[in-house]
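One chain is shown next in structure tokens, namely the form predicted alone.
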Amino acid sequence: MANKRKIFNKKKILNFNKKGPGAVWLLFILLAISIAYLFLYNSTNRQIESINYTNLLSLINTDKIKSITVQEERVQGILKNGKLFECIVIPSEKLWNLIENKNITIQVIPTERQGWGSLLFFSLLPLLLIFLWLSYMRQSQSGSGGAGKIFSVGKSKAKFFSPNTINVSFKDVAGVQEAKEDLKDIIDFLKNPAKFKRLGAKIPKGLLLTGAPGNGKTLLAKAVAGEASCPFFSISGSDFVEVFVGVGASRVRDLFAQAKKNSPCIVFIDEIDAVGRQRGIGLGGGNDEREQTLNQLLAEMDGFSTEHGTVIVLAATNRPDVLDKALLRPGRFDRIIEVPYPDLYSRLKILEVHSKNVKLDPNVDLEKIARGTPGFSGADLENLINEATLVASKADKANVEINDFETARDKIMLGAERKTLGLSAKDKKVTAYHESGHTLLNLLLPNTDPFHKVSIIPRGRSLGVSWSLPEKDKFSESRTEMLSKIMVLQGGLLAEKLKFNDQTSGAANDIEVATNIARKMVTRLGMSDLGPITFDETKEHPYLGRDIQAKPRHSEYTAKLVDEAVNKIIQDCYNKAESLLLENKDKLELLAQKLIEEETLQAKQVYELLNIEPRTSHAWKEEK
């Protein structure tokens, strides 16, 4: 008997709890059998002709009936020509005698034996199908995929990480020392809550990481999970959004219900601006659904049923300005932690972290690379190392050299060289004078960023480039520096006019940038004769993008004064730049001709050519 049980278990094929497509095929097979049976049954019944009692007596008297089957008042029979018929009668002795006299075969079927199997089958078939379908759906909810997802649409999509399963720690996060200090308070509380509770302190219930993309917000969250050694839930703000009304709020409830079961724990919501945008703006069901999701999130973070200290919410966004004020108040997000662009020390540490597994040449100085990458984010620095490694790999080098980093930086900041773009001799000459104008003014003006290189090799969408880099991290900009920048931007246009008495469309972007700087000086920074007044009423619309502008509140007369102030700044810079180029026209000619010959000139070459005292250089490789 034991052997028989084993064989039966191995051959068992009808498993209603089976995940995957097996249950679906079983359902389709049963449904096909039922439809086929119904079709056969109905096609048979359609061949039976219903007649009345008078016609039945006529058929009996004319001896046309071969046999009949009787069940109470229902009579079914077969004619001698093979046709089927049925009739409803009231049984009587006269009828039976008439049938007996005609020698017709009679079969009497008791009611309890007539079609009980088919009756039972068709009665239970709908229930059977419903049972199989619900069983499959229930199993699909806990599985991955399948039509059962519609039943689990309100379930949270958060990924759960158990303690000690995340290998990222604060050692893997270089820089952002202040942000790490704020986050360490959360970790200390989770590990030793008595240390804080003895003086009555309450741990922050929510921490919001803000900063530009690529500065390490998500990496910091992973490091917190690795350091805290507690359950960790991770979800993106867009995972709450769904086409069905009420789904987002349901997912929020389910997420916090799971978190409370595993408390104390951390819930990380990445890109929270997807659900946390300011309420009351926009129309339509989609907006209402998003607001319902936000309302539920607000209630879960600080509502009547909230338990203090059990669930800590960690969120990240690069758009804190569009978040709802109710979300940012103390009690929900108690701390807003800024994750800024890395400074010099942080860039050095980031480069050291990402270059651990890279074979660097001994002459590579990471500190010098860090000094030459102001404004780079952590992601930019990681990409820089990877691009340099790719450049060295293509050249079949044993190590990554410093000139590989130089090539990689040029490619990232300026775009790849378009060596196949065929420029005519005239275009090349115009480009050379244009870039020489930028370069010469950059060298002659005292408050510009140090010059790095100039090239007339097309890169990206530009035909040439004159490139300068700040000598140190800059956190503010003076009026003199902004005016110098406008003059440098006008250098290309002025050089074209001085040499060719004409101008090209290549100066379009220079003019646009210069105008924007001048307008910013007048309308926002108070750097004009109009005084320290803000005239710019522009506000970024939180939903329609950055270019939607509010209507200015000042008068047309004030707008005219603003335009005149902007024009004055542009004209003054233009006149000064033009005079400077006229005074140094020989240097402009010398530089342009040399650039036509060499196509690319490094800072050291330009300084020697023009006999100008060099300033700080950001070149990593030896300049010729």
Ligand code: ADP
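The numbering used is simple: start at 1 and walk along the sequence shown. Here the structure is a predicted model, which is why all the values come from computation and not from measurement.
Missing here is the form predicted together with the named molecule; even so, the following discussion is about that form.
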property: Heavy atom within 4.5 Å of the named molecule in the predicted bound form - the one residue of I336, A274, A299, L219 that qualifies; result: L219
property: Residue (of G464, G248, G378, G77) lying close to the named molecule in the predicted bound form, criterion heavy atoms within 4.5 Å; result: G378
property: The named molecule in the predicted bound form: contacting segment from 523-531, 249-257, 399-407, 211-219, heavy atom within 4.5 Å; result: 211-219
property: Contact of A495 with the named molecule in the predicted bound form (heavy atom, 4.5 Å); result: no
property: The named molecule contact in the predicted bound form: M487, any heavy atom under 4.5 Å; result: no
property: Exercise: L384 in contact with the named molecule in the predicted bound form, heavy atom 4.5 Å; result: no
property: Interface membership of A158, the named molecule in the predicted bound form, 4.5 Å heavy atom rule; result: no
property: Residues within stretch 312-350 having a non-hydrogen atom within 4.5 Å of the named molecule in the predicted bound form; result: I350
